[in-house]
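Okay, here we've got a single chain as structure tokens, the form predicted on its own, with questions on binding and movement later.
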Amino acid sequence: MSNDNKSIHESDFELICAYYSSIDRQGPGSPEVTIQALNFIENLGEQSQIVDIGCGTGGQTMVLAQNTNAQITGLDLFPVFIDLLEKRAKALNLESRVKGIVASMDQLPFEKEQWDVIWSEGAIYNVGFEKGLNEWKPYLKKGGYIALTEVSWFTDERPDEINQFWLDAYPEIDTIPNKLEMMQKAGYQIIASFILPEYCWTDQFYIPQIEAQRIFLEKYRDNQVANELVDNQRHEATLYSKYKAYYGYVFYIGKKI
């Protein structure tokens, strides 16, 4: 998931899609925390428009659709993820309210003030937290909400190994107070923030990858990039187990003033 030393963004797109489409979630999270965040957002109805930026295969997108009456659009760079999202929506009889579009999150194909809610779980790091807050804001209606998960430090000091890993992977990682300050400076009223529980990383993200990795390596055993991708994910999981007291994902929810 992270942009570590052998970043997935430097890997072959086909391999990225093959790996991440084989697991339900493309980053830490859970239906429960999606609902928890959704409970802070008011006045959603049948005419409300929600966009899930960096939706992946739509794990959280389906939760949004099942717990609101809103119209929901999932956006992702990878067509295979959007195909899987739309198949999921159809299987759940949600296709009348859920659609997907293929686009880059740093070149959004939207009209100004189009959305009541901008949602993004585990994806804003691709453009950067502060940049995303500012560049996405014009597409949000006044009084609209933004709800994001972002990797954040829980402490001001941490061991060198994990500190250097994340500074290499994502230089914009910062503490929760500093992230909240960025949100305020970008022109949002802070509504809520909360840390995602440990199981969102373990049970929902890392453990499901174990079998997926076995199957993936059977298919691509002679591909160096594929092996590096799996090695990176295993290393990240090991680091999380060792240093989870120092960092994790945080939900940040703001309202456009």
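These figures come from a predicted structure and were not determined experimentally. For every residue, the number given is its place in the sequence shown, counted from 1.
There is another form of the same protein, the form predicted together with a small molecule; it is not shown, and what comes next is about it.
Stretch 70-78 is the answer when you ask which of 70-78, 172-180, 156-164, 110-118 has residues with heavy atoms within 4.5 Å of the small molecule in the predicted bound form. Annotation: in the predicted bound form, residues Ala186, Ser193 and Gly254 none come within 4.5 Å of the small molecule through any heavy atom. The small molecule is not shown here, and in the predicted bound form it never comes within 4.5 Å of any heavy atom of Gly144. Contact between Ser104 and the small molecule in the predicted bound form is found at the 4.5 Å heavy atom cutoff. Heavy atoms of Val98 never reach within 4.5 Å of the small molecule in the predicted bound form, leaving it off the interface.
Contact check for Leu64: no non-hydrogen atom falls within 4.5 Å of the small molecule in the predicted bound form.
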